[in-house]
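Below sits a lone chain in structure tokens, taken as the form predicted alone.
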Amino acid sequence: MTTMFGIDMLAVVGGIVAITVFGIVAGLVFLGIDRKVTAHMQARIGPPIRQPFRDFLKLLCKDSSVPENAIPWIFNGAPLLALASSIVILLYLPIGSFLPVFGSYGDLILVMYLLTIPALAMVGGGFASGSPYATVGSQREMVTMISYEFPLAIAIIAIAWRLSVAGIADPFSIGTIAANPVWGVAGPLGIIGFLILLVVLTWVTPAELSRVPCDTPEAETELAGGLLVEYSGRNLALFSLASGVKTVAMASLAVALFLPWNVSSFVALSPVVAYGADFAFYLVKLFAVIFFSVSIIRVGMARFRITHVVSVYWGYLAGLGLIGLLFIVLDTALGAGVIA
């Protein structure tokens, strides 16, 4: 019994280390790809894909300055909390055909809570810096969080409710959702509803990541960097790293909810080859999600005013999500009527 417990603990620790390394490396790589792709879409050459690694290493070599009016332990602890919480999110999500490391200990509700922690860490760090620019940026970040949480909740609840109606146990489990794609349990109207919810999630992603057009908390041209204006050196490096890891986590969540298929589900492969093929396909899906939900929107949109963020997410996207939910409910009711 003791030996088995030790093996299980060793596997968990190994999984945590592997996911941490993957999240950090993949986060920086996809930030570089996003910058490169965006540059080409704007007819620029752009920086090399390895540029985020260079920036991160350069910042690590510099000292972190702490403002005189700051609360040091919050100011210095916020970047660590943002990075750690972003990595923890990945521990609850499947990576290709690899099961989540903490899959037995949490579900979508927990992931929704964890997604707010990096943003709350930035808010705390901004308030703790004592800068008026950072204070305004932190207030904007809080308003943005309140705005996008409702459309995200609609999408998640709709998926779990449809799986529950289909008789699938534990519908909020990410493993359950990945094993039972929603497209397979929905009829024509339901598929339309889920496509609408996919569009909603696509627009929630830049708000979750504070990317254009929802980068109002930083807004360099208005707030000189907003809630990060006083950060430098290692602290700023950790925040940039947390942004990359959270990008991978948010894209992985979208893949788990709407694109959970693996190559090995359709083609007979040996176990080792199957894991490799599924992981490569997972990376392709990550790129597709980041491209459509971050890169294209960033190129095609200007920054929203903070009032526009509220109206877009609480008005248009929340309404669109409710319409998608209505299609799913109608599809379920009509399907039940046909069966009866």
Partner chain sequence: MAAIMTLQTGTGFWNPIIWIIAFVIAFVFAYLIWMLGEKDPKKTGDLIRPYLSGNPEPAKEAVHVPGGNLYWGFTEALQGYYTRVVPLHSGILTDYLLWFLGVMAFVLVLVGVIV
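Positions refer to the first chain, counted from 1. A quick note: this is a predicted structure, and the numbers were derived from the prediction, not measured.
As for the form predicted in complex with its partner chain, it is not shown, yet the points below apply to it.
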query: Within a 4.5 Å heavy atom cut-off, is Gln51 in contact with its partner chain in the predicted complex?
result: no
message: Considering non-hydrogen atoms and a 4.5 Å limit, does its partner chain approach Leu330 in the predicted complex?
response: no
- prompt: With the partner left out of view, is Phe281 within 4.5 angstroms of its partner chain in the predicted complex by any non-hydrogen atom?
  reply: no
task: Consider Pro67 of the chain shown here, and say whether it contacts its partner chain in the predicted complex, taking contact as heavy atoms within 4.5 Å.
output: yes
query: Just one stretch in 170 to 178, 207 to 215, 185 to 193, 247 to 255 has heavy atoms within 4.5 Å of its partner chain in the predicted complex, so which one is it?
result: 170 to 178
Phe56, Gly130 and Val143 all contacting its partner chain in the predicted complex, non-hydrogen atom within 4.5 Å: yes
task: Could you spot which one of Asn76, Ser243, Ser97, Thr202 gets a heavy atom to within 4.5 Å of its partner chain in the predicted complex?
output: Asn76
- prompt: Which one, Ile71, Leu114, Leu259, Ala219, lies within 4.5 Å of its partner chain in the predicted complex by heavy atoms?
  reply: Leu114
task: Quick one: name the residues from 90 to 114 with any non-hydrogen atom within 4.5 angstroms of its partner chain in the predicted complex.
output: Leu91, Tyr92, Phe102, Gly103, Ser104, Tyr105, Gly106, Asp107, Leu110, Leu114
